[in-house]
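Single chain ahead, by itself, as structure tokens, in the form predicted alone.
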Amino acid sequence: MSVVLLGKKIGMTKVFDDKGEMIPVSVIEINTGTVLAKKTKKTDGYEALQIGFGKIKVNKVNKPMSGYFAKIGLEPKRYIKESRTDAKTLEQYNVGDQLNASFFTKGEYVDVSAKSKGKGFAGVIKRWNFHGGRKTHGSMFHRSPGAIGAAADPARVFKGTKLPGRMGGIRSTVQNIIVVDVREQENVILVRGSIPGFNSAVVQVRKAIKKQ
């Protein structure tokens, strides 16, 4: 497993490559992370990096977490994320190290996860891209899902049948999207195409698992 960094989705724009071709990109502002702890099999039973992100007011931190940050000698963080990794990766980092946009390189592939936009209750045409029925000759079948039963045997609706229901608002991941540019001064990365979530949403970015 690779190290996961948190970021904020700024929005979408377009850039042009060396050939003058337009590339649609999503802009992600990387939230600078601080290594809080290194979990090892000997001490914790598994190997992971614990990383803290974002600032938080002191009065918003409860006593257990205040004691934890005081023990490690670092400022309290708003988010704490653990990334499962291996011993070789753990050796590359020390407590207090900063991780930002420079963690990624131009041309590599990443996976981006976030909570998708919630779109409320939707019918089968919007939710599942059904074609719908004919709109003429009094068919009365325009945007409805159609028959869902299975006759006398087995006389039930099969699990997983595509029906109207709540659309969006779930965790979604886009895999293997390429990093078009890394702008370290602005602490942002540009990735090709769209990513889940609304503008200003918190997203998780990691180096692509399937492209390693």
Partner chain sequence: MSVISKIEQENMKKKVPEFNVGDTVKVYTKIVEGERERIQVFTGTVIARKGKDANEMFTVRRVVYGEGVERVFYVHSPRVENVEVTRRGKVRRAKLYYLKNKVGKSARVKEKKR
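Numbering follows the first chain given and starts at 1. Values in this document were obtained by computation on a predicted structure and should not be read as measured data.
Only in words, not in the display: the form predicted in complex with its partner chain, which the text now covers.
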Mind checking whether each of Ile10, Glu21 and Val188 has a heavy atom within 4.5 Å of its partner chain in the predicted bound form? yes
Within 4.5 angstroms, counting heavy atoms, which one of the listed stretches 160-168, 140-148, 38-46, 22-30 is next to its partner chain in the predicted bound form? 22-30
Taking heavy atoms and a 4.5 Å cut-off, does Phe198 contact its partner chain in the predicted bound form? no
4.5 Å heavy atom contact, Arg183 to its partner chain in the predicted bound form: yes
